[in-house]
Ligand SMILES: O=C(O)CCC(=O)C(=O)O
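Quick setup: one chain, the form predicted alone, written in structure tokens, and binding and motion questions come after.
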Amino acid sequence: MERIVDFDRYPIADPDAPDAQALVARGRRELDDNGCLVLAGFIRPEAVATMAAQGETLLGDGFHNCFNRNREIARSSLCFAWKRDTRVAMTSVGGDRIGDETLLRQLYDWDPMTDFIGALLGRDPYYRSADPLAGLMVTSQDIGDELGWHYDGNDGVVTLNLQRASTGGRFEYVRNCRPGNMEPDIQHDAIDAVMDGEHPELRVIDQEPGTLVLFNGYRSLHRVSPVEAGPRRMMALLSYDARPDFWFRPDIRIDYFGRDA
């Protein structure tokens, strides 16, 4: 794994080592303070280049989905429906097509990586998702593609940037901007302000390839802005859970992969 992870900056192979424990302590503080932890240069440049090349091959067989998240869907989880739809347009490849020969699969299946993510999130034990499609996936956004404003169904989403767009494709979020964290009479106004780019606490993360990000997406409204110029934005999504048998819902699998198996 020393060919993949920069152990000089991120010594995660031995979780009991003092420098590894200090890294986790710093990471947990940043995650608590910002709702997001950005680990720049987590993957070595040569490994990132290989992962991106392997991702390009995989995406040739990917599923391009383009749909609107209906505003009424939000009612079940947010207790009210917000005022507008948001658009999803991206290409996705499921984990069942990411083979053992790929560096991404080797990273995801490496137990110390799982332990590191669990330690940062304060969860022990912690497991890789059992879902063969959505547990590990590669996504891309070409010009005009985007991932509109939304909340995640789980907290602690892990992403790895493999390739950035030259213009657009920015990750934007407002931490703790979720009904339940706000007074009822300002919920609509706060969400509208986020979607209009006018919220005072709007933050932007513009990651370089090789950056690993942990994000509290259940509590924070977020999006990927439309890609305006190539190359395509390419990401890997790594999913974990406190339950060893966790699968994503069938409708999520169909929306993002065009299939449920």
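In this text, residue numbers run from 1 along the sequence as written. Everything quoted here is computed from the prediction, not taken from an experiment.
Although not depicted, the form predicted in complex with this ligand is the subject of the following passage.
Of the stretches 29 to 37, 217 to 225, 196 to 204, 59 to 67, only 217 to 225 has residues with a heavy atom within 4.5 Å of this ligand in the predicted complex. Proximity of F116 to this ligand in the predicted complex: non-hydrogen atoms within 4.5 Å are absent; the residue sits far from the partner. Contact between L237 and this ligand in the predicted complex is found at the 4.5 Å heavy atom cutoff. The closest heavy atom approach of I98 to this ligand in the predicted complex falls outside 4.5 Å. In the predicted complex, this ligand sits within 4.5 Å of a heavy atom of F171. Only one of V157, A165, A190, L103 comes within 4.5 Å of this ligand in the predicted complex through a heavy atom, and that residue is V157. None of C177, L147, L133, L107 but one reaches within 4.5 angstroms of this ligand in the predicted complex through a heavy atom, and that residue is L147.
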